[in-house]
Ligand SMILES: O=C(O)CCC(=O)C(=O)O
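In the form predicted on its own, a lone chain appears below as structure tokens.
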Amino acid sequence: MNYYFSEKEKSQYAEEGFILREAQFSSGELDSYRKIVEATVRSADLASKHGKVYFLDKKKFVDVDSLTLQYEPKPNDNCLRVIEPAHSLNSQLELIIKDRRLTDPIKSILSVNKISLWTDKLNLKRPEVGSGFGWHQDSPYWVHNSTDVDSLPNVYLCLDDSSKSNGCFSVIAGSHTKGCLPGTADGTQLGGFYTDQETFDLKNTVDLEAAAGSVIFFNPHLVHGSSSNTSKKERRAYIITYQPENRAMLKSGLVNNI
């Protein structure tokens, strides 16, 4: 069995910049994946004690070799928000990275037979403390490290049920067609990485409320973001970015062919 995109899905991805496939993973698989994720979080907490702490716009970051940890704003600045690259802390994540339910559609997007890993990250929105992500594209983060940002498609795996109340993934449909858009010029350190809202139309917002086990494939130029988790429920997501084979990963410079 294969999981390649249908012609209809290919057309939708080209036009809108994303595809949602629901219920791709079973409850048993998700239980196992959540245990792997929480083990990775514990490893990140231990690693952070030996890392370099710094602040950007008063937000806490810790670098440990090629690993970067991002934390929630104060007063929750001991709560992890993002772990990247997550697989460097837990090789069991490779089980997800190599799953054909993720890799076959990526091969459809890239029109290749073999792929490699660019980066992977865990986004943790803990109940009632998980902050939102402003509107942004991924490509501006990567343009200085890749000569081919067009070929870095993403997969977003919902590890928990996601809704507006716990900060589901939201996109601006069709925004990927404009390529890299300018960032904001608000004078902050990170402002340039958030997309100037004059360059896209909020009327095209799609809130992707989806059950755990659903998967979202999205273009690196697609403007996306999310709101805070105001609920009492977890909203964890695993985001994997692929590329054609034999290309080096973002942070380590190593090659990880799938």
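Because the structure is predicted, anything quoted here is derived from the model rather than measured. For every residue, the number given is its place in the sequence shown, counted from 1.
If you look for the form predicted in complex with the named molecule, you will not find it shown, but the lines that follow are about it.
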property	result
The named molecule: the contacting residue among 119, 175, 123, 88 in the predicted complex [heavy atom, 4.5 Å]	123
Contact assignment for the named molecule in the predicted complex, among 40, 229, 195, 226, heavy atom within 4.5 Å	226
The named molecule in the predicted complex: contacted by all of 156, 169 and 239, heavy atom 4.5 Å	yes
Contact test in the predicted complex: residue 133 vs the named molecule, heavy atoms, 4.5 Å	yes
Stretch in contact, per heavy atom within 4.5 angstroms of the named molecule in the predicted complex, of 198-206, 51-59, 218-226, 27-35	218-226
Heavy atom contacts to the named molecule in the predicted complex at 4.5 Å, residues of 51-72 in sequence order	none
